Ligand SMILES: Nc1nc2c(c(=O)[nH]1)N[C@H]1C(S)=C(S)[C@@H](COP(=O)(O)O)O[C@H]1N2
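Given as C-alpha cells, the chain that follows is alone and in the form predicted alone.
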Amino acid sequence: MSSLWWGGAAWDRLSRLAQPATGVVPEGLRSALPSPGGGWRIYTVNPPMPRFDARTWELVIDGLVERPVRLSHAQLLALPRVEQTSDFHCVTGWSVDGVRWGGVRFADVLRLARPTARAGAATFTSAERPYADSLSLEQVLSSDALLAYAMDGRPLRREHGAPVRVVMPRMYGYKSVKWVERITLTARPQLGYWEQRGYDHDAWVGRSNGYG
C-alpha cells in the first residue's frame, strides 16, 4: 500500500471507496431487532467509565508514521468539522436509528502524522483499558467513518465515549471504540478486545457474527 501522505489521487480514491450507510440491516433481521425507541444500552468492560479533562487530554497518533502527533482537545476541535446522520447497531441485537454525529474525518486527522508506506491499519486504544480495536485504513477512510466528539447536537457525553469515539455505521458497535486516546498505525489490523473473545474481525452489520 502506498503512503497515506499522498495528498493526491490515491488518497482521494481511498477516501471515496464507501458510500454512506443506509439500509444496511436486511429487512428480515431488522424486523427481529428491538424498536429503536428503546434507546441506548451502555456497556463497559472495566468500570467505572473514564473521565477526561479538556485542559490536559491529548490524542496520540503514533506507530507507522513519519511524525508522531499529540493533539490537544482544542486542536482536535479546530480540525474541519463534518456532520452526518446514521444508524447505530449493536451485535447483541438492538439499534438506534438516525443518530446525528459531529466530528472529523480520519483523513484530516491522519494527515497530521504522515502515515508511512507500510501503514495499512489503525488500532484505536480506549482510556477504558484493556479495550482496543483495529480497522484497515481502507475501512478507516470510508466516507461514513468518523471520529466523533458530538452527538445529537451536543458534546459527546461520558457514557457515549467523551471526548471522542469511533463511529463505523456499517459495522456493529464494538468497532466504534469509545474514549479514544491513541491511534496507532500498523502494517495490518490487530485483534481487538472482542475479537480475542470470538467476535468477527470485520463486523459488517447483517453479514457477520452469525447474521446473514
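No experiment lies behind these values; they were computed from the predicted model shown. When you see a residue number, it is the position in the sequence shown, counting from 1.
Below: the form predicted together with the named molecule, not depicted.
Segments offered: 136 to 144, 105 to 113, 123 to 131, 74 to 82. Contacting the named molecule in the predicted bound form at heavy atom distances within 4.5 Å is 123 to 131. Heavy atoms of R170 never reach within 4.5 Å of the named molecule in the predicted bound form, leaving it off the interface.
The closest heavy atom approach of E159 to the named molecule in the predicted bound form falls within 4.5 Å.
Interface residue remark: W40 is counted as part of the site for the named molecule in the predicted bound form, having a heavy atom within 4.5 Å.
Taking the partner from elsewhere, Y174 is found to have a heavy atom lying within 4.5 Å of the named molecule in the predicted bound form. Counting a residue when any of its non-hydrogen atoms is within 4.5 Å of the named molecule in the predicted bound form, the hits in 59 to 91 run F88, C90.
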